[in-house]
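Next up: just one chain, as structure tokens, the form predicted on its own.
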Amino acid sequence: MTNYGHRIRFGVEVLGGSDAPGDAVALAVLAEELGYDLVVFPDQVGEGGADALSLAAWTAARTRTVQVAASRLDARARPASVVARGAGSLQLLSGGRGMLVLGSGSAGEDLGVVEEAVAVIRSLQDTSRSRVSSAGTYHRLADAEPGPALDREVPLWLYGADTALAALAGRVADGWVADLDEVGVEGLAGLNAVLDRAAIDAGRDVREVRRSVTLTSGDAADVSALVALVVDHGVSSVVLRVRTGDATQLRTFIDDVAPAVREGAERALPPGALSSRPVRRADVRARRRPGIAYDHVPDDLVATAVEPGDAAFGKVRSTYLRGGNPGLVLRQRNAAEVASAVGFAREHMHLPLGIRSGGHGISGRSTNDGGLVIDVGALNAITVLDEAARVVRIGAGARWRDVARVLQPHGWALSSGDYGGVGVGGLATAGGIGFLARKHGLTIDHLRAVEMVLADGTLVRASATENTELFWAARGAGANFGVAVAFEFVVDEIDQVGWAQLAFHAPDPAAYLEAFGRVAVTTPRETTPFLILGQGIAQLMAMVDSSDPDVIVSQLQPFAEIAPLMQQQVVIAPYAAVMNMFPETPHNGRGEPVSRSAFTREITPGFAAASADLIRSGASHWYQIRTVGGAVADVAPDATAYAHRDANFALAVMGANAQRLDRWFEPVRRQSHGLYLSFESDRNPDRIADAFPSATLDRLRRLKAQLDPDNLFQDNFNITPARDHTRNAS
């Protein structure tokens, strides 16, 4: 008995696409409706027929669940790089349902062309590398850029009854397909043995290569023979060859034969012997990092987990600003899976643990080197719960650009930073200093409830009436207490807003800062300006919560008079347009972010002079002041963990060298009062005391001792439990 433990799948190979490709696609759509797992299109280009990849793509567009495969692709007939791009595009468009089956053309031919094609296709799917080359005899690449970036690598199978091809499948492929009419059962057993031996000699687990047979209607009627193929020969995919127009045969096989085969195989095999859990290739497993129990990832997380050797790793390893190389990224689709991920993290407390929503965090903690990342980006639903009360439920993985787009048709908005690509989870647990803050407060001031998975895996809801202490802490220090999965906000009625972008000649940054500070604290609450100051130039971005041109101009005019204007643009636009003014870009951060933060109640001469010295030093390439105050200060300092309610200005600076930046930033810090965690990357423990007043920090530490006594969530600005628990280093 030889069974490799894979769940049985049933598929259909559609013939007739050459004459009537539309009918072939229609039959494939019917196959999905009937419950088939796989639809295969054999390539018929050499016969003047339709292209298999095109048929697969057209079918993917009309289906939702079935896997679609382009089969019997002659590795000699197309450049492997072209096939790789086409298959990658199919994989993207189909949501990960694509599959390739390569053939050699005919038995006895040199299989080097197939082996080279496999290598080229795989290399172009590995986006963890910036460039790839291949000096093959048949297929060559010269400094090519891999891509497109995929969530799941395209499975690559080989087709044929040749002994050499079976051996090649054992060495390099994800699966092998044989025509049962051509090889027979005895031939199948012999080729299976060849494949297994080749896999073992190549250092592979024989389970890495799935086995499939294609059969005709005559073979499909013998249930006992099909059960034997599964139980004794390890076949996990049974594919029925059907011509277009033969829907009756299609129905009979899936309705009568398939259930009987599945039941017979499960009865003959030990309980639980068949699994849908993926078996990664040896070359993928070779990139695993030490200290992680990869083979014990919970079953509900396996399908979306990303290892360093996976196709998706290149686009999840890093964040917006920080380059990363985590050992495992766990991507969840619901709160139950988040709880499973937290449980897995508890078993790996010797590793760094990053929590990621949008992956934009300037502090850089949402990736790491060799550790775990819990990524809630897929929890991105945005739902209106109560139209009359303007209550909206937002998943922690949503981006603020999408939130703004959903709210706009209702005439609503929610203050949310200055860039729409930021994730909801990170901002909504830290504070949320945005362009509407002076009029409407921080993002957290609109929060009515948060759903969070705690360190013990419990999903709780915190609000003003339930888990009230956690609700207090979540608004300003939430990352220390659990993984937020969803938020409920009461949003504001916001019509169109005034949006201004002004540039000034500012040769004396200290003088400009002082003048800006005087104007900002006296401007009406409707206006929230942000300032970017460099050597000789000041850039002002301001939002006025009004659609009245006279109001907008009158509130912006004092800023326009601070210094000579070099450029100006003032428009009336929806809030969503501002949040979406910058395009979404891949997160390919490099190195470590170096950022510093400070709050100040006023821009004093000392603060302005120290800032001017910092700007002139060149140690900082980014100096931004966000105005706060107004409605933010209406909330009592002890009402939330965000306690610096008296600050009128929040400063964020960034540089390339931490020591150099600190040298010039320290005089600025001495003129300030606290800091905002989202813009601070310094891991010095003193920064915790800057971020939280002593009474607030003591209260947070007591709650930490209750909810996370072992300090699971510590790879951030860590609030240690009151009893000084530390993570087990063993």
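The first residue of the shown sequence is 1; numbering continues from there. Remember, it's a predicted structure, so these values are computed and weren't measured experimentally.
Absent from the display: the form predicted together with a small molecule. The rest refers to it.
Site residues P509, Y512 and F607 are none of them in contact with the small molecule in the predicted complex, judged by any heavy atom within 4.5 Å. Only one listed stretch (351-359, 263-271, 385-393, 79-87) carries heavy atoms within 4.5 Å of the small molecule in the predicted complex, and that stretch is 351-359.
In terms of contact with the small molecule in the predicted complex, the residue from F692, F665, Y36, Y676 that brings a heavy atom within 4.5 Å is Y676. Taking Y138, F599, W499, F530 one by one, only a single residue has any non-hydrogen atom within 4.5 Å of the small molecule in the predicted complex, and it is F530.
In the predicted complex, at least one heavy atom of D715 sits within 4.5 Å of the small molecule. Taking non-hydrogen atoms only, G423 approaches the small molecule to within 4.5 angstroms in the predicted complex. Proximity of G234 to the small molecule in the predicted complex: non-hydrogen atoms within 4.5 Å are absent; the residue sits far from the partner. In the predicted complex, at least one heavy atom of G417 sits within 4.5 Å of a heavy atom of the small molecule.
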